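The form predicted on its own is given below as one chain in C-alpha cells.
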C-alpha cells in the first residue's frame, strides 16, 4: 500500500462534517454529516461488491465472502465536537483498503470478512459512549437507550425514525465472528517516543473509565442585587468540584476531566439556579478509579452543604478494564513485529472484547493530540497501518 493510494480514498471522506473555520469535525450520531458518511460507506462497499447489512442499532457491516468463519474489522464515523479527522474514520478507510490489498495478493476469505461502522461511539449526541456496540452486544438495554435524549431534547427513537430506522429493532445483533480487529489512530505519543517508536503498535489493554453527571442545584437570583453572603450559587460548588477532581486524579496517577457544562439559564447577569457537568474519569486500575470518583463525590457534597446548594452524582456510562485476548494480541504483535502498549481511551473494541477475541492496532500520531483538530497521522504511517491490517486479516481469515 502506497501513501498516495491511502490519500486518494482518505480525501474522498475528509470534507464530510468539516468546519473549515476551526479545522475540526462535527459528525454527531444520525446527523446529516453522519448520514453522509453512511452513504459514502455504502458506495465504497458497492464498488467492491460487498453486501451491506444494517442492524437495528444504527451499525453497518459490509461483508466480503459468504458462509464459514468470519472476522470483523472497522471503527466509527462520529466525532466529538470539533474533533480530529482520524479518530474512527481511519479504521474504516483502512479496512476498505486492506480488502483491496488482499484481493491484489490473490487472497480470499475462508468464510467472511466484515467491515463495521459502529454508531455513536463517542457519545457526543446522546451521552453514552459506544452506544451502537453496547446495544449490539446487549451491554445496554433497549429501554434505557430509548430514554436517551440529546441536548435539543430529541430522543434516540426519534433520531432513528428520522434516519429511516425502526426503534423497535434495538437490541442484541452481534453476528457470529471468530475475531474482531480494530485499527485506530494512537491517542498519545508512545509510538513517537522512546522504546515504542514505530508506525504501528498493538494494544495491550484499555484503562477502566466512565462518565459521571453532576447535577448541582442552588437558587437563581440577580447578579447585581444579591449580596455575596446571601447567595446559593451552584457555580461555586462546581468550581470546587473541578478543582477537587484535578487534585484527586493527580494524587492517584489517574485522569479526570470536566469538559462539558450546561448552565441554566446561562445568562451573564443571573446567578444560575442549576448547573450540570460531566466528569470523565480514567485510571489504570478499577480500585483507583472507584476511589477517585468516591473522593470527588464526597468533597463536592460537603462543599454543597457550605454553599447552600445540593448535588446529585449519577454514573451515565462506566466501562471496566479491558485486557485484550492475550493469545490474539501476541499473535498479531509477532506477525507485525510491533510494540505492545496500553491506552486510556475507550473503543468499540473494548465492548466487543467481552464477547469475541479482540485486538487493536494503533497508527502513530506525531502530535499526540486527539479529540481536537491537531490530531494527525502521516500518509506513510497510515499506509503502513493498511498493510498491517491486511496482514492480520490474511493471517486470521484467508485461505
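Computed from a predicted structure; not experimentally measured. Numbering follows the first chain given and starts at 1.
Not on display, but discussed next: the form predicted together with a further copy of the same chain.
Among residues of the shown chain, residue 162 is not one whose heavy atoms approach a further copy of the same chain to within 4.5 Å in the predicted complex. At least one heavy atom of residue 81 is located within 4.5 Å of a further copy of the same chain in the predicted complex. Contact check for residue 327: no non-hydrogen atom falls within 4.5 Å of a further copy of the same chain in the predicted complex. a further copy of the same chain in the predicted complex comes within 4.5 Å of a heavy atom belonging to residue 370. A heavy atom within 4.5 Å of a further copy of the same chain in the predicted complex is found for exactly one of 60, 345, 341, 33: 345. Comment: a further copy of the same chain is not present in this chain, but in the predicted complex one of 290, 302, 215, 280 has a heavy atom within 4.5 Å of it, namely 280.
Note on the interface: of 223 to 231, 293 to 301, 163 to 171, 133 to 141, the segment with non-hydrogen atoms within 4.5 angstroms of a further copy of the same chain in the predicted complex is 223 to 231. Contact here is defined as any heavy atom lying within 4.5 Å of a further copy of the same chain in the predicted complex, and by that definition not a single one of 37, 49 and 66 is a contact residue. Contacts to a further copy of the same chain in the predicted complex (heavy atom within 4.5 Å) from stretch 163 to 194: 187, 188, 189.
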